[in-house]
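For reference, the chain that follows is the form predicted on its own, supplied as structure tokens.
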């Protein structure tokens, strides 16, 4: 091993312990609060990675310096001098394979568990949509016809947020909740968390989306249950006063729908998730080719009998259920005319 090897090893061990103590004791990330249940396990995983990464850096760098000094070429030796030849060290090779493998496996398990908590944990109470656009955010809530520019959620309530974008790729990041997800046009990504600390926290776009990207930000208000109820009631009152009722429930004129326009739009907006085959021919969602007369699916996902107006309302308002998430017309960026065209196309398919 060379002279002083175990002394150097002891020094490196002390440095590693010191680095580990720093990562464990110092609150990290500095100045960023923990405002949701996802923050605590995320910070723990970060600290574990920091401890392991620091130890690896200290030992690898330390041994490189040590061996470079101890086994350097003697001052008067010729340039082609052959150094100490060491071949095969089965015990050493076994441990430097097993130990990293166990560490990586443990980190992988912890990471997957955390991601499963953020993306797939069931039991959400409030489900909403976050939509990115150049250069801002909009948030849509059930029973609110109009979107809002800042996000409000009640404390200690499981929340599911479906995120997407209107134009280009954006990022949805709330540092205090430790949640970050891509907002991609035409794709619905999901994050889940339970807010635990009342306050106002920034929402930041993390993907460069254009010249005003630096100014693309909003805020999430984690309110008490009572304050959230008051805010939500005020939003509902404002909607009723402005529009005389919810536009989401109004009937859509379907008589002018164009089959050819609907077919083209189906290929652009719907074909990534739906086929034009029978209900059982699923891609992401079920096949829609015979939605009006398919014996395998006599009712729509919302439990109603299949009628053009009911399908139009699902396209308008979106739906979430056992089969997945159907985004609203605002998320899909389709107008009432587009909805009429899509319904006309679906009607034509059922007649074939």
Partner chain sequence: MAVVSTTTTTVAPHAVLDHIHPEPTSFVRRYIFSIDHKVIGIQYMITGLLFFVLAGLLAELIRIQLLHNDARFMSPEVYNGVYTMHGSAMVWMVIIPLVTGGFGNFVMPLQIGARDVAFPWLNLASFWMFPIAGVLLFGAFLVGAPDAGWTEYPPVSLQGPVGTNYWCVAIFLIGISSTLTGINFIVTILKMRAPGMTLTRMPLFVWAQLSTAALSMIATTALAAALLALFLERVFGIPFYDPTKGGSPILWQHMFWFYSHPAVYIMILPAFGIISEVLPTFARKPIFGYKMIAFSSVAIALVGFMVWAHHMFTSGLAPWLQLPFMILTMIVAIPTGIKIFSWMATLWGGSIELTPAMLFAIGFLITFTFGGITGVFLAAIPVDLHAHGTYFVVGHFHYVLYGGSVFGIFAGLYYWWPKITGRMMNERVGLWHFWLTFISFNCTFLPMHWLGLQGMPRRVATYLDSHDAVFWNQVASISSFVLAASTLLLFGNMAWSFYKGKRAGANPWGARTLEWMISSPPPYYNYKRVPAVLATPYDFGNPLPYIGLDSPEGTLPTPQLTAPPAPAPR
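Whichever C-alpha set is largest while still superposing within 1.5 Å between the two forms counts as the rigid core. What you are looking at is a predicted structure, and each value in this text was computed from that prediction instead of being measured. Residue numbers count along the first chain shown, from 1.
Just so it is clear, the following notes concern the form predicted in complex with its partner chain, a form of the same protein that is not shown.
* **Candidate spot 56, 61 and 70, all three touching its partner chain in the predicted complex (heavy atom, 4.5 Å)** => Affirmative, all three are within 4.5 Å.
* So which of 145, 252, 179, 273 gets a non-hydrogen atom within 4.5 Å of its partner chain in the predicted complex? -> In short, 179.
* Heavy atom within 4.5 Å of its partner chain in the predicted complex - the one residue of 100, 136, 278, 267 that qualifies -> Selected residue: 100.
* Wondering, does residue 233 line up within 4.5 Å of its partner chain in the predicted complex on heavy atoms? -> No - in the predicted complex, heavy atoms of residue 233 and its partner chain never come within 4.5 Å of each other.
* Would you check, heavy atoms only and a 4.5 Å threshold, whether residue 336 touches its partner chain in the predicted complex? => Looking in the predicted complex, residue contacts with its partner chain do not include residue 336, since no heavy atom lies within 4.5 Å.
* Taking the shortest heavy atom distance, is residue 184 within 4.5 Å of its partner chain in the predicted complex? -> Contact with its partner chain, yes.
* Any non-hydrogen atom of residue 226 within 4.5 angstroms of its partner chain in the predicted complex -> The answer is no: residue 226 has no heavy atom within 4.5 Å of its partner chain.
* Sort through 137-145, 255-263, 91-99, 154-162 and report the only stretch with a non-hydrogen atom within 4.5 Å of its partner chain in the predicted complex. => Residues of 91-99 come within 4.5 Å of the partner.
* Even though the chain is shown alone, can you say which residues of 71-85 have a heavy atom within 4.5 Å of its partner chain in the predicted complex? -> Contacts from 71-85: 71, 72, 73, 78, 79, 80, 81, 82, 83, 84, 85.
* On a core-based superposition, does residue 67 travel 2 Å or more at its Cα between this form and the one not shown? -> True for residue 67: a C-alpha shift of 2 Å or more.
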